[in-house]
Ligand code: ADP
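A single chain, nothing else alongside it, follows as structure tokens in the form predicted alone.
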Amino acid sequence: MKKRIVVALGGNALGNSAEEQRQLVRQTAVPIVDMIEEGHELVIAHGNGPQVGMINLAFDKSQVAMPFPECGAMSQGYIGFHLQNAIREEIKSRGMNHPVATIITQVVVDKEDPAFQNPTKPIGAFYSQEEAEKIAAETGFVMKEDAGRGYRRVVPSPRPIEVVEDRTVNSLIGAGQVVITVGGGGIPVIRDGIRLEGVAAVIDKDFASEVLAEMIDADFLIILTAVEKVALNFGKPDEKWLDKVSVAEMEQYMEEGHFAPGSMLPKVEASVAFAKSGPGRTALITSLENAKDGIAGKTGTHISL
């Protein structure tokens, strides 16, 4: 049975350079097109944390001023360029005919969101503590240690309210196109009357994907991760993998502190929000290679009312 599906890809899975990304998206395209071949309507979202940070840093080093929202737009453009061409090529190789389009997407946030006072979203490259302190002194950037891997710049991560281009996305889906949108969580904007003003932030792509999925009345929200399923007590002797879970159960697990704030927690929070948003809506957390089987209910963690 045909489903309307929003798939959220992680920015870290897209590589650390344009050439590496170009190679990786060819692999990414295969399981995506598997889902399209099954007859599903697909909307693809993606992260951009590493990419937008590298773009911003490159401009800083060249001493050419470039506002952060414009850097986000650039990351949407070049990631979308690689993704849409890889997906189009895979579609054509199977004798199918589905156009693929990337939408430069803006996402409205609240200018009073407390996230603006507490930057938490890591972007760009990793640095030693000494390098990070030097960058902070020279640029005023906020640098924080990231999961034992080094120091990175952090920017605010406000919650998304609405996707500005949702009607455009809906029109393209209705015309049989595969749509790449809310790249990097979308370009964060605040409303000023009829004007939209970009702000220096990165929206979590899982939360942006959830808002989009609601707005286009999707059946499935698939949030991709490195593991096949979500686990309780991950990596411990009493580890337990989750298959089909109710919203109430998942909310209890969150309250008990089972999911890491910078890792699985936002994926679970976004999944729960989507599953709660209406009857018949299912969130699926799994790996990309298991997404097709996950839709069929054979694997992954399914969250529903």
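We number the residues from 1 along the sequence you see. Every value quoted in this text rests on a predicted model; they were computed, and no experiment measured them.
Keep in mind the form predicted together with the named molecule is missing from the figure; the text below concerns it.
- Considering the named molecule in the predicted complex, the lone stretch of 31-39, 53-61, 66-74, 254-262 in range is 254-262 [heavy atom distance within 4.5 Å].
- Of the heavy atoms in Gly10, some are within 4.5 Å of the named molecule in the predicted complex.
- Contact check for Phe126: no non-hydrogen atom falls within 4.5 Å of the named molecule in the predicted complex.
- Using a 4.5 Å cutoff between non-hydrogen atoms, Arg153 does not count as a contact of the named molecule in the predicted complex.
- Although the partner is absent from this view, Ala231 contacts the named molecule in the predicted complex, with a non-hydrogen atom inside 4.5 angstroms.
- Put simply, of Ala147, Leu196, Ala175, Val227 only one has a heavy atom within 4.5 Å of the named molecule in the predicted complex, and it is Val227.
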